[in-house]
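Only one chain is shown below, in structure tokens, and it's the form predicted alone.
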Amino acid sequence: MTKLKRRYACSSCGSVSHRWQGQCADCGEWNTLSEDVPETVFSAKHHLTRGGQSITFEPLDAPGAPLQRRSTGLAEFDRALGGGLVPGSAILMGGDPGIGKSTLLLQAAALVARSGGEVIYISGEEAAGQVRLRAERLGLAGAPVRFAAATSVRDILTTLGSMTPPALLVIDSIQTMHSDQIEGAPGTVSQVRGCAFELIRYAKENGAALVLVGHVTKDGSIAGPRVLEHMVDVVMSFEGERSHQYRILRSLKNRFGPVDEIGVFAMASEGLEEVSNPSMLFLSGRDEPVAGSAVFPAMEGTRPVLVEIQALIVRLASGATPRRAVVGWDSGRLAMLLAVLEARCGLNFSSAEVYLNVAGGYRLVDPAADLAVAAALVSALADKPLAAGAVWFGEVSLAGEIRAVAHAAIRQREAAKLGFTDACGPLDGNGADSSGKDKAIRYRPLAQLPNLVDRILAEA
């Protein structure tokens, strides 16, 4: 005889507990456990070794038609996807509220529809009139997009089953979808997991590209069970500061292309505009050399992007507690770099406030930014501007060594395109420079962090 057991799922990490408690035992978050679908326990005579259907196995080299990607009409969107939409793929897009997710998807949906593809856009958050007003503001009111405001997954799948499968299906958002076969309110772990599974299964069986919009938590991760990110083929994050016009579409997972690819957009009154040369965007406004400013050639997937790193050092009176403020970089990495500069180079930051900023609202995760940050800090401490035509890249170890990083030649070529004449970076393992033999820019290798300090003070 079957017996129902209660269980509780964590909305932060998705772990399951058979009793309620205030703190999740796995992730440590408080007040995140909520009652999940009752679990059915079968007796020992019910086995999964019989009663099912036989499946067919195929060799890995079985012939088949190659998947043809479909362009979204936005080159930056296609770049982040790895080349365009793959039929039957499931894409999860997250981002802060108001960052522009719905605007971007509406623009992409309109372009796909105008190119001849059937597009279905379903909104669970906005009424038809609200979406229509946005479409008119963006100049997309005449696009042949089929729109509906609905939240019932049963109604959506029943309607889709009676028509030709679309090329693109947008669900905005998955947290508002509801299935009458699952207990719980929309947005709960069980509802999000169950609704996503049914929608993904429809996309896989019918060859439709599915885009699910996901809400994010206060720490920026996608809300709901973690298994949702495993179910989809592509996970994308739409990032940016509301005070800046720039938006970055970043690929965090991609089964059909490289990860960490980015697409750069600028928010305008007519919607999101593509930025084909993001380096020019993030370096705009640099007129005269100032102390504490260094240019770093970052790598985002296969794309080099030049950004400006700004540092400010303020001396304090004795006894005051210095402050460390970081925007766009890891604060723990800054603390480590300050310690290395003090221990290996004899510089004194303990009695000064340190402020570090990555211009343009950009966020750096590339470890090669260590050398550029160190150059900006030393320049600000000495109050001496760096050379105007130089870029800096390299990883700094705790011993003060400047270590080699990947894609040195690509970084230098991008800098040379924008008129930079010098690149300062690490030596390779044999002591030779890692310039990639690019004659368009002069490469000046550095072995130790004290060499960086000597060069900045000598050239200032």
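From 1 onward, residues are counted along the sequence shown. All values reported here derive from a predicted model rather than from experimental measurement.
Keep in mind that the form predicted together with thymidine-5'-diphosphate is missing from the display, and what follows is about it.
Contact annotation: thymidine-5'-diphosphate lies within 4.5 Å of heavy atoms from the stretch 266 to 274 in the predicted bound form, the single such stretch among 156 to 164, 266 to 274, 204 to 212, 186 to 194. When thymidine-5'-diphosphate is considered in the predicted bound form, only one residue from Ser102, Ser379, Asn254, Ser237 comes within 4.5 Å through any heavy atom, namely Ser102. Checked against thymidine-5'-diphosphate in the predicted bound form, the residues Gly98, Pro322, Pro289, Gly142 give one hit for a heavy atom within 4.5 Å, which is Gly98. Shown alone here, Arg134 lies within 4.5 Å of thymidine-5'-diphosphate in the predicted bound form, counting heavy atoms only. thymidine-5'-diphosphate in the predicted bound form is approached by Leu138, whose closest heavy atom lies within 4.5 angstroms of it.
Contacts to thymidine-5'-diphosphate in the predicted bound form (heavy atom within 4.5 Å) from stretch 367 to 397: none.
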